[in-house]
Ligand SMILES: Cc1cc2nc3c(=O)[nH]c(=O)nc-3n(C[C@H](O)[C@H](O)[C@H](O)COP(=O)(O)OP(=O)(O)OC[C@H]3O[C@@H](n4cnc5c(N)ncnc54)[C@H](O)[C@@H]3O)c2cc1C
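The chain below stands alone and is given as structure tokens, in the form predicted alone.
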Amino acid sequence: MNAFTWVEVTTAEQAVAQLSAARGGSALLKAGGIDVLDRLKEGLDAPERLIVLRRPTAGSKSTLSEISEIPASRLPDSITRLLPAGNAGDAPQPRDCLRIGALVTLAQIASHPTILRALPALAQAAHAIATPQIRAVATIAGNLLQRPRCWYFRSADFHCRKKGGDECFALDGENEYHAIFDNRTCAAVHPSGAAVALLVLDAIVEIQTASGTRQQRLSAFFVSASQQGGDVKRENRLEPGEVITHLYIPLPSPDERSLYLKSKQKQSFDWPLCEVAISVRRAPSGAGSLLQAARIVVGGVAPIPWRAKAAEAALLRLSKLDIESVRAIAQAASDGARPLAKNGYKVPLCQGVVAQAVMQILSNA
């Protein structure tokens, strides 16, 4: 690990100023630091300054380490405009939201009463990440921004495309844990379990820039190399010198449910082989279908959290809960899959995890 200067800040504005400063050399932001410290040891990053965003002291006005409910009447217009619309073509309506500060830990999220009650997919995802010791330190923003765990990317011996090279070594190499979707340029999978749950819950990310704040749907925040504006060397649209400050999550209505499931090789703690988050809204009685809204996001299978749109469409056509219908939904979840030589098992695994999630959420809804 190279030598660097340690700079402590307590606000997002201070962090942005330090990241943008010309003096002192290149800079990297650290909060919980779980992934940052790994990258420093692996030589993926070699900053001359490490900007450490500390949790605010007691009595400060900062909300970076707080979880709070924001009523619709106090919601900023910039957030309201990004909320999910009701019926097709309707403008988004103000809605009570949960605001989560960027420095909130995964352990806080996993045990928060409002999240456990109203947003169980997020609590379940946070609880399934890593170990209790890591969850007590790791922040929600850090989890969203961590880099892929592909062994070729993490190894100094391979100059892969994600590091500016000309080859994805996983495509013809050891790829049993790699992507089955959108994997032609880079086969690394996105590592954030929290992102899978937050996407299914229509979360909005707020970002501090040098000129103020900007907001973006989390569904547009993550980007793969094949998407417009994508770059194989990045996984999201956070620009240099910007800092995530908050996440806003619309609180569900009484007829909405969410769920998260994770399949892993080592059951104590491990990275997912496949994970899924699902949210549904029940249709009124006599509507002809069980649901009026559904969203399915799959993780561990693509360079970004993967929206299973064909499975969502099949789920919305569901008029009764039976094995054949659930099997059709599960098969639709793997539409477009392009497995590599050693990860073909992920196709039926993805189908099985989605089928389990559908059965579980509709049986309990």
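Note that the structure is predicted; figures quoted are calculated from it, not measured. All residue numbers are counted from 1 along the displayed sequence.
The form predicted in complex with the ligand exists for this protein as well; it is not shown, and the discussion that follows is about that form.
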If we take heavy atoms and a 4.5 Å cut-off, which stretch out of 289-297, 210-218, 75-83, 184-192 is in contact with the ligand in the predicted complex?
184-192
Does at least one non-hydrogen atom of residue 143 fall within 4.5 angstroms of the ligand in the predicted complex?
yes
At the 4.5 Å heavy atom threshold, is residue 238 in contact with the ligand in the predicted complex?
yes
Would residue 139 show up as a contact with the ligand in the predicted complex if we use heavy atoms at 4.5 Å?
yes
Residue 117: heavy atom within 4.5 Å of the ligand in the predicted complex?
no
Are 38, 130 and 272 jointly within 4.5 Å of the ligand in the predicted complex, each by at least one heavy atom?
yes
Which one of 203, 97, 106, 280 is close to the ligand in the predicted complex, taking close to mean a heavy atom within 4.5 Å?
106
With the ligand left out of view, choose which of 316, 332, 34, 337 has a non-hydrogen atom within 4.5 angstroms of it in the predicted complex.
34
